[in-house]
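Given next, in structure tokens, is a single chain: the form predicted on its own.
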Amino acid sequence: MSDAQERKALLGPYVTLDGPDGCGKSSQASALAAWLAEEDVDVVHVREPGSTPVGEALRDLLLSNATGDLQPITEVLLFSAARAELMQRVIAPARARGAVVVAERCYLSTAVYQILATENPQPGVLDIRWFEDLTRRVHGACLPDAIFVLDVSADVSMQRRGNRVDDRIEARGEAYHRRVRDGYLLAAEREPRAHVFDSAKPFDVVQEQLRAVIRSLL
């Protein structure tokens, strides 16, 4: 085994939960982190954007309705900046000590919300290959071992969000969120790390499916 292979073998697993708003990623991620802690596993639970001072400030900016409209490329760069901070300051150090990282969202959400679901993409400004190159630069070698895409229809997503106040991106309307759902299914086909789960199933059923993948990584 080479030195690089040995270092990779010693890294803690890094899994992310992603999907449309209302898919249950935050609840499922919290349940996974609690289960791992009960199993005496060193676990770090993070969210994107966020989990660093810069990331939380950018989260407030990106999600606040007071921010108003931003260009899609501006959103891509701000989400990626928050992600770069999280990679270097939290996720990479946690993995280096052997901890399991459970993250809410990853680069897949940016690809979907800011590129694939955009109604009138800017020709020559945003394309998925450009974003994939940017993502490689942001992550370096610290890419997820598995991306859990929790799939729900736009109708279920809206029902689950209920009467809560939508953030700036959630408030974009039904047609946008239907494109988001389609975008996740398309992105998952392109992403070899993606595992798609039917998140309309009972919570405990989905949770056990997620745990099964993590057991295989451990």
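We number the residues from 1 along the sequence you see. Predicted model, so just to flag it, every value in this text is computed and none were measured.
Missing here is the form predicted in complex with a small molecule; even so, the following discussion is about that form.
Enquirer: In the predicted bound form, does residue 55 come within 4.5 Å of the small molecule, counting heavy atoms only?
Expert: Residue 55: no contact with the small molecule in the predicted bound form.
Enquirer: Tell me, yes or no, whether residue 190 is in contact with the small molecule in the predicted bound form, where a contact means a heavy atom of each within 4.5 Å.
Expert: No, residue 190 sits far enough from the small molecule in the predicted bound form that none of its heavy atoms falls within 4.5 Å.
Enquirer: If we define contact as a non-hydrogen atom of the residue within 4.5 angstroms of the partner, is residue 26 a contact of the small molecule in the predicted bound form?
Expert: Judged by the heavy-atom cut-off of 4.5 Å, residue 26 is in contact with the small molecule in the predicted bound form.
Enquirer: Does at least one non-hydrogen atom of residue 160 fall within 4.5 angstroms of the small molecule in the predicted bound form?
Expert: The answer is no: residue 160 has no heavy atom within 4.5 Å of the small molecule.
Enquirer: In the predicted bound form, does every one of 14, 100 and 142 come within 4.5 Å of the small molecule, counting any heavy atom?
Expert: So, no: the whole triplet misses the small molecule.
Enquirer: Name the stretch, out of 166-174, 64-72, 150-158, 32-40, where some heavy atom lies within 4.5 Å of the small molecule in the predicted bound form.
Expert: Of the options given, it is 166-174.
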